[in-house]
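Coming up is one lone chain in structure tokens, specifically the form predicted alone.
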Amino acid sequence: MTVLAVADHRRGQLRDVSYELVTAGRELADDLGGDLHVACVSGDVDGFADDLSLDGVDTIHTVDHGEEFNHDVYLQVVEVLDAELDPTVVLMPNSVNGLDYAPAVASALDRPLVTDAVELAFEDGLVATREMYASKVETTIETDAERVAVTIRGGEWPPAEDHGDPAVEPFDLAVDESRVRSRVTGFEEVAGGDVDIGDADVLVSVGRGIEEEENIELVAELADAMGATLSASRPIVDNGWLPKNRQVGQSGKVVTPDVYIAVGISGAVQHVAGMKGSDTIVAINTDPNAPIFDIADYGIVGDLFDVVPALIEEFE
């Protein structure tokens, strides 16, 4: 029994979730006692295959067809690979691209689809965990179908890192152009899209504790001193103090930086859902009972207007 994971890329770069798909796929393949296959579709497939030649991957299938994501091409590729490999589980990213084609894949293959999974296991059937009601409730879904399709949430599995030696098999798919009914004609970032906080190694995130818009400059100075990227919790964005692309959280962006510094952020579940995968979390808050301290590796109980200037002085 095999697992097929479909890598995700955008504008020539593999997305982080591609490496997390390898981890999740390997775990499922171990449960099944089978192999993990990875599909790289369109773009720099040879480069992607090099990057995804990781421990735990058995075979990488490259499909060189165009540069950008195309819903209809992805659908045809997965259909053909499914017919050839008969995977027990098809894993896809719960990204914008993944959610575009995953329902069509599940429908075409007549498989049940579980979306936004945060934990997976295979016992008598697939067991998937999802979060509901702003991550306040976890639900467990047990499927009894022999073949399933799943999308996984980014930031929930550690990215695979160790180099491996999988077989790389170019897959010469004769795409049925009559079934290609959409084309990517351009790529437009949302307003303020000059920064992608998802790519940052170090994030300094500001929350409601900053009190006034003009005080954000203080936290921005800390980010500059550290060579970090400035991000925010939802109240800051809702107030219009920073653009939407800076928002971390369930309604913003899921981030997994090496270091995440939460300044004046209490730790609401919606925010924690977007940053709990960070390697090291540092929290600064006056309230020692703030939920953010429950997940922080280092906590500073103090007034941010005293702590942040001291940190700026240290980093400068």
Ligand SMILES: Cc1cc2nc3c(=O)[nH]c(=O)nc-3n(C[C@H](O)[C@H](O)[C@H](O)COP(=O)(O)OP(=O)(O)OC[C@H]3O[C@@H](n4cnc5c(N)ncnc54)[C@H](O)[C@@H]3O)c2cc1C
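Counting begins at 1, following the sequence as shown. The shown structure was predicted, so the numbers you read here are calculated from the model rather than taken from an experiment.
If you look for the form predicted together with this ligand, you will not find it shown, but the lines that follow are about it.
- Heavy atoms within 4.5 Å of this ligand in the predicted complex are found in exactly one of 67 to 75, 234 to 242, 169 to 177, 116 to 124, that being 234 to 242.
- Contact between residue 52 and this ligand in the predicted complex is not found at the 4.5 Å heavy atom cutoff.
- For the chain shown alone, residue 87 is not a contact residue for this ligand in the predicted complex, no non-hydrogen atom being within 4.5 angstroms.
- Residue 271 belongs to the set of residues with a heavy atom inside 4.5 Å of this ligand in the predicted complex.
- This ligand in the predicted complex comes within 4.5 Å of a heavy atom belonging to residue 302.
- Exactly one listed residue, out of 209, 198, 155, 98, brings a non-hydrogen atom to within 4.5 Å of this ligand in the predicted complex: 209.
- Contacts to this ligand in the predicted complex (heavy atom within 4.5 Å) from stretch 1 to 39: none.
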